[in-house]
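Presented as structure tokens, the chain that follows is alone, the form predicted on its own.
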Amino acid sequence: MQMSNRISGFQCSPIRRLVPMARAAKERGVHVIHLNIGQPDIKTPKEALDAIHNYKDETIAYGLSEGEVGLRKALLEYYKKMGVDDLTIDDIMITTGGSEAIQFTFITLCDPYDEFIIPEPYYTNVATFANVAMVRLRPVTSSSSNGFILPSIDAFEDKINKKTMGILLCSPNNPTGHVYTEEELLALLEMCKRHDIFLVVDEVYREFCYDGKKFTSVLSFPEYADRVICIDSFSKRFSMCGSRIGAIVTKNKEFMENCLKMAQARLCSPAVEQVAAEAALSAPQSYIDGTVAEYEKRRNILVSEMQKIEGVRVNMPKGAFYFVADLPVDDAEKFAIWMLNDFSYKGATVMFAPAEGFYWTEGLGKCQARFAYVLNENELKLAAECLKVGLKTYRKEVMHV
């Protein structure tokens, strides 16, 4: 039967589309090391789990479309602790994950065929969110050669036209691990003010900064508050990916009033998960500190081991828990499929995300891959061994070099 032209134009997720091959490998008895997806193995805070176990309401009822009051008040206190103390409860809307927050933002700001500028590589699902909203992404390409720093302001201005509604960033960045500096954000905000457009920043990894790197929130520029939209989420910070609780934070009242129309149409975000999210915010700072220290250790292990592999180029990421590596292959997706279908070492193989799907510009990222260092030390060391042997074998047997 005929499917819509709209859905036919969507791409399958490069993070998840090789899952059937991974499942088949497991059925053959191969241990698949999942570096393809940002699913931490760190435990969810006990406070959040206890809140679920102790849930006493006899009916799981509809909640407020903008999110439960208790959770939004708890988020106000959380933002105050990070130095943002001029927000009110009405500046926060709870969403079904950060994904819905981005979707709502596109639909609220853009008419069909309006445009958003985005540095590439970017979080791949943004392309789908844009397609659903009939928004065109205009990429500005960052480079692995300089650690994926923000491209020049001139490169952004060259993309601006009468259809441009905003710029979308992710900091710390998924997939590159770059953390945008205060200077980079300020330069973008000044440009956005000149052109009367929005700056939207996905900050879901804000706690995860390494080597003493300072994180700067887009919410910390009150003079630009009317054109700033922050996307937030509980998924990574508290290892609650399946809870699907996120937030939109902005002082732009007109935007929030119109965004509420979308929130009301989907009724409400998950009720029990909001109870868990509020409880998670009461977890001690030691939980976050320990998590950050663990990810920094894992980063150091995987990056250092991969930098030893001949032909592999990896920058040291400063945040989040991902990096993009240049691989000495003809096609990273072809190599990924071969690793799952035809290779194992010590009974194991590695699953990663080919990076081509993280670019809007056709042809870019073909020999790159995104790796998520979310597993324990032993798994990461074995993954690096598998990659080293796999690359050598693939280049000899498939590429004949």
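These numbers come from a predicted model, not from an experiment. Don't overthink the numbering: it's just position in the shown sequence, from 1.
One more form of this protein, predicted together with a small molecule, exists but is not displayed; see below.
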Contact test, all of Ser99, Tyr123 and Lys236, partner the small molecule in the model of the complex, heavy atom 4.5 Å: yes
Any non-hydrogen atom of Asn174 within 4.5 angstroms of the small molecule in the model of the complex: yes
Exercise: Phe208 in contact with the small molecule in the model of the complex, heavy atom 4.5 Å: no
4.5 Å heavy atom contact, Tyr322 to the small molecule in the model of the complex: yes
Residue contact check: Arg227 to the small molecule in the model of the complex, 4.5 Å heavy atom: no
Interface residue in the model of the complex among Leu219, Cys170, Leu327, Ile117, criterion: non-hydrogen atom within 4.5 angstroms of the small molecule: Cys170
Single option in Arg138, Arg244, Lys251, Arg298 placed near the small molecule in the model of the complex, where near means a heavy atom within 4.5 Å: Arg244
One stretch from 197-205, 154-162, 85-93, 139-147 that, in the model of the complex, holds residues within 4.5 Å of the small molecule by heavy atom: 197-205
